[in-house]
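Just one chain follows, in the form predicted on its own, and it is written as structure tokens.
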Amino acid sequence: MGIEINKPGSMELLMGNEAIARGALEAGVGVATAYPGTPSSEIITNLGKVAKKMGLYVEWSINEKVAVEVAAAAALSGVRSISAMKQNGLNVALDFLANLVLSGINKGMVLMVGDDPGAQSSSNEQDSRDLAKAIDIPILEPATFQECKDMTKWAFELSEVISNVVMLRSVTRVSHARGNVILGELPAEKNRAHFDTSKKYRGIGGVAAGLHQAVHEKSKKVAEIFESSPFNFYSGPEKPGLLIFTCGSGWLYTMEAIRTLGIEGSVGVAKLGTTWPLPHKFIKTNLARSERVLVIEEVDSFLETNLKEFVVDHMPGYHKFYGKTSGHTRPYGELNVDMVMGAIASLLSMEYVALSPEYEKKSREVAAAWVPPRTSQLCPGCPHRATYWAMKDALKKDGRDGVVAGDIGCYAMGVFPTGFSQINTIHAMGSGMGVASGLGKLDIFGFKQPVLAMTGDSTFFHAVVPPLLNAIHSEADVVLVVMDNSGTAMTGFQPHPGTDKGASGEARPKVSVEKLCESLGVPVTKVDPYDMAATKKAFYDVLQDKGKTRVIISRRECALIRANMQLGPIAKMHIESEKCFGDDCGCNRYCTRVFKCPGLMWDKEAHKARIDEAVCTGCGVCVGVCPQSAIVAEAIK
């Protein structure tokens, strides 16, 4: 049974993102779009599974800007829509959103943004609330799984009241944890789309200033609506010694910290589900309870700063604020209950030690003894490792100190030893090719190094095509390497224009990377990274073809796709022990120290390498790594 279960009043155990998807269904959503990105991906995944049954249109869009544009088209035509993304994606969508809030919409539209405190699966840890405030989008922040569902449904209603987009901001621990959710009713009414051509939705030119003024007036209306929101409430004594203002995941940490410290009778908690614009009466009523205010939130001091600004204008000279600015909580990384307990204890002059030094030391010793050290690395059999190995070899043979501009995806492991530390720059999606395009034009300043830009197949469609066009038009001397592993592997193999399936598994036309590149007039070389000798030669040959933009497509499906299809190893790998001299070889464990495939292990007792058959995919790339030819691949009949 999935999120489409139609049993109002029943309780289900749902992930936060599943609850958001359910809330969208209860709101009567018709169109759902996204570009995959942790921690937001499961919303569209779950809506895609029920699309046919529920009469929805669901798509994994080519990038976040297009995703919002597609969702806006529905909202302009009388169909409720939701678009989901991670915090990095909001940067991509911002250009269109800044204009959409001026033109307004016709039907409810929710923008869901999943922030990633601690950058557990991201290149940075932006706070999306700052961008939403900058372009006047109201912000809702669920703290519980029930709120994920209920707040999503309410966001659609609010969106229609103000004829504008409403943002739902979640964080990793809310989106990916699970909790009980009481279901509501699913609507029976079917969506009908019609664009009223008598209305004009535009914000360009001389009308923009007037529309901007109207958006500010809408914000005042939203603040009034927020005064009676059920997602804002206070708990605790009437006059607490310390007042905590909090929102989202911060509320969960705060309530557990207060219970653990046993201070329910002395600390009050004002919980905000509507964090922008601020509901003035609610804020004023609760700030009047105490002059000492601690703010608990992830990531930036968004709520803390806005509360201080409010006090300056409306309650000057009374409060003392504590939080990120005072150093009681940190403005980076994830919060946890222990951090909140430490902040509260210091303000209440309570003695608090999270762990005794002896316990901490012992726990570290036990972990070091039983848990093998692991770093971020490419999977066993990953074709990207083979591509980087071949490129490393070709660059060394070329001898001109080549520069590698990286991009965002699982191939970003190329910055670490598992990808042989080949990547020199890495920023945003598509920026590898953009930076490479610039490097490829520095010859007039004496720049003679070869330049390569690395990208995956999904990122190629997302953001690499425009900088590729730029490089071609500017005649940049650069090699674009498309590492095509047949899916958006890092976020769960969502489809993209280069695959033949849609969000619900339906057949879709497949866009060819090589035909698209060839149509632009650039030479294209295709290689199979598992064919190491041919791949090394191809890289070297393309590097020598100087003076123009060219493309290498290194294509081999992700090893996890093969595993998910329950296909066995490609070959049977083993070490010929008589050829492996171990520590006496002189190679200094080259196979495990440099090549670093998790399928290769160092046997501490035998002092030799061995194959970990539990994870080895039999790709055979490691055969050429051993200087003694001790690694052997046997064909599986």
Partner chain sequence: MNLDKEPINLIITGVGGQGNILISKLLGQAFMEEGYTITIGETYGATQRGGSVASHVRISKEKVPYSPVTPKGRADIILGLEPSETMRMVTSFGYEGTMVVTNTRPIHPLEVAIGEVEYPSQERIEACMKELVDRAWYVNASDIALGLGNALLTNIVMTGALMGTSLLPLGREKIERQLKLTFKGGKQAVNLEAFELGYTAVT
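Only a predicted model underlies this, so the values are computations on that prediction, with no experimental measurement involved. So that the term is clear: the rigid core is the largest set of C-alpha atoms that superpose within 1.5 Å between two forms. Residue numbers count along the first chain shown, from 1.
Another form, the form predicted in complex with the partner chain, is not on view; read the next lines as being about it.
Student: Any of the heavy atoms of residue 179 lying within 4.5 Å of the partner chain in the model of the complex?
Tutor: Judged by the heavy-atom cut-off of 4.5 Å, residue 179 is in contact with the partner chain in the model of the complex.
Student: Taking the partner chain as it sits in the model of the complex, is residue 337 near enough to touch it, meaning that at least one heavy atom pair lies within 4.5 angstroms?
Tutor: Within the cut-off, so yes.
Student: Just to confirm, residue 589 within 4.5 Å of the partner chain in the model of the complex by heavy atoms?
Tutor: Flag for residue 589 set to yes.
Student: Are any of the heavy atoms in residue 245 no more than 4.5 Å from a heavy atom of the partner chain in the model of the complex?
Tutor: Although the partner chain is absent here, residue 245 would stay clear of it in the model of the complex, with no heavy atoms inside 4.5 Å.
Student: Thinking of the partner chain in the model of the complex, which stretch from 365-373, 311-319, 160-168, 504-512 has heavy atoms inside 4.5 Å of it?
Tutor: Going by heavy atoms within 4.5 Å, the stretch is 365-373.
Student: Counting heavy atoms only and using a 4.5 Å cut-off, do 252, 560 and 593 all touch the partner chain in the model of the complex?
Tutor: Verified in the model of the complex; spot residues all in contact, yes.
Student: Between 232, 418, 525, 286, only one gets a heavy atom within 4.5 angstroms of the partner chain in the model of the complex; which residue is that?
Tutor: Result of the distance check: 418.
Student: Just one of 443, 531, 224, 256 has a heavy atom within 4.5 angstroms of the partner chain in the model of the complex, so which one?
Tutor: Contact check passes for 256.
Student: Can you list, in sequence order, the residues from 582-611 that come within 4.5 Å of the partner chain in the model of the complex, counting heavy atoms only?
Tutor: Heavy-atom contacts to the partner chain in the model of the complex: 589, 592, 593, 596, 597, 598, 600, 601, 602, 604.
Student: After superposition on the rigid core, does the Cα atom of residue 607 shift by at least 2 Å between the shown form and the other one?
Tutor: Indeed, residue 607 is displaced by 2 Å or more.
Student: Taking the rigid core as the superposition reference, indicate whether the CA of residue 124 shifts 2 angstroms or more between the shown form and the other one.
Tutor: Shift of 2 Å or more: no.
Student: Quick check on residue 356: with the core superposed, does its CA move 2 angstroms or more between the shown form and the other one?
Tutor: Residue 356: C-alpha displaced by 2 Å or more between the shown form and the other one.
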